[in-house]
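What follows is a single chain, given as structure tokens, in the form predicted on its own.
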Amino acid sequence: MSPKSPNPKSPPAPKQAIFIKAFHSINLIALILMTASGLQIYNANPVFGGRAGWRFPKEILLGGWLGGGRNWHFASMWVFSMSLLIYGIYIFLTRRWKHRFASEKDIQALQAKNPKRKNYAWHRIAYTAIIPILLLAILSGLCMYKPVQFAWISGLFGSWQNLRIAHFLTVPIVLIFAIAHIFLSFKVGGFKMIRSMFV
């Protein structure tokens, strides 16, 4: 076998649809921009501790000041939201939703000894659990952006501070989901699987 010949024992690289590659790439960029600009907004009036509260270092912020952070945050939020909406329509039309969300079979798979089934089950559970978190992030963000127009929703949080805390806490949860998603994908197909999601 020549040095340039492919290893016959090496499994082929997974193939993903261009739409899936674009979805992952757009969401990853939008998530980074939303997080960095959201922390810029946070620093203007920290959720915890008020004006004298702890602030994030400027090296990880985006926008330069409150107004700039808001502009970046809302722009990336719309990109992220529209990407999720289009993905939702895509998996509905292609019936992929049947394989994306958890069912009783996944609970049974977690109790089995098959590591592959367990991995897929955890993936579907993560997909299912992140949906209400994303809805909470979007709705709480809209309530802070348009508190008068969405007063009937913001009133459910009890106070403005509760609304801010709820919105802020969705950030680490979404980041944990992203890390778990990457980790589970790596367990299934290694770096080839992760690379196939973007390029």
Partner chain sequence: MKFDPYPHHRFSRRQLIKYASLSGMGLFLGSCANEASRVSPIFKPLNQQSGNVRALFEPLNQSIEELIFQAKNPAPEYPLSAIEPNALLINSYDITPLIDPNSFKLVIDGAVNNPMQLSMRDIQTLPLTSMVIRHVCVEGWAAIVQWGGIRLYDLAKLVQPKAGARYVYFESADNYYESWDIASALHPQTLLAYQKNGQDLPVENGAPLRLASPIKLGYKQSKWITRVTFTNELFQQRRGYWVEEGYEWFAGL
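The model shown is predicted, which means the values in this text are computed figures rather than measured ones. Numbering follows the first chain given and starts at 1.
Another form exists, predicted in complex with the partner chain; not displayed. Remarks below refer to it.
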Taking the partner chain as it sits in the predicted bound form, is Gly63 near enough to touch it, meaning that at least one heavy atom pair lies within 4.5 angstroms?
yes
With heavy atoms only and a cut-off of 4.5 Å, decide whether Ala121 touches the partner chain in the predicted bound form.
no
Touches the partner chain in the predicted bound form: His167 (any heavy atom, 4.5 Å)
no
Can you tell me if Met77 lies within 4.5 angstroms of the partner chain in the predicted bound form, counting non-hydrogen atoms only?
yes
Considering Leu134, Val171, Ile26, Ala44, which brings a non-hydrogen atom within 4.5 Å of the partner chain in the predicted bound form?
Ala44
Counting any non-hydrogen atom inside 4.5 Å, which residue from Ala36, Ile138, Ile153, Ile130 sits next to the partner chain in the predicted bound form?
Ala36
